[in-house]
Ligand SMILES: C[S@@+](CC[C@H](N)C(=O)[O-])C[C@H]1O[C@@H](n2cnc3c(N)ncnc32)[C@H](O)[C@@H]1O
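Only one chain is included here, represented as structure tokens and corresponding to the form predicted on its own.
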């Protein structure tokens, strides 16, 4: 989710609609890799969780899940989706870094399409690493500059400076062991906001023990 200086207000406007902008199903990369990476009762933090599709899915897998989201509208939609699916989820109305997120507390942090300006991006990524227990993992997917260069209609921020590259993620997660870091063209089917071919980067990074 692309963020501005006031991401809460920005996403309040985007999420203020009867349907779910990015659907209610989890991101395909998260659904594919997270169950293989975690024990059943692992603690998971979903950062910038939007309307809750990833956090609610994680809770449904038996993970103790916290969804952190700066949009008040998004938080309410997360709660409604969790109620509909019959799962328990913790919510934090905030953005990273957040005083409500404990260091070395989570087994995994999920970062899906959380695009921000550089200073904010580095602060988010640093705080996500701090939130992990030793041995914990970050699962990240985001758009690369090719998304704009190829004029993809499947979403993403308007500016190349907000995109991710291998070099950016290697820099931001230099203290982590990068188990997966690859740029791909994938087919997104994530509600009306993300649908069609997309140029993305996918990362699995593990915090050293």
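Positions refer to the first chain, counted from 1. Owing to the predicted nature of the structure, the values given are computational and were not obtained by experimental measurement.
We do not show the form predicted in complex with the ligand, though everything after this point is about it.
- The ligand is not drawn, but in the model of the complex it has a heavy atom within 4.5 Å of residue 112.
- The ligand is not shown here, but in the model of the complex it comes within 4.5 Å of a heavy atom of residue 70.
- Under a 4.5 angstroms non-hydrogen atom cutoff, the ligand in the model of the complex lacks residue 142 among its neighbouring residues.
- Contact check for residue 53: a non-hydrogen atom falls within 4.5 Å of the ligand in the model of the complex.
- For a residue to qualify, one of its non-hydrogen atoms must sit within 4.5 Å of the ligand in the model of the complex; all three of 22, 116 and 120 qualify.
- Picking from 174 to 182, 144 to 152, 159 to 167, 40 to 48 the stretch near the ligand in the model of the complex, with a 4.5 Å limit on heavy atoms, gives 40 to 48.
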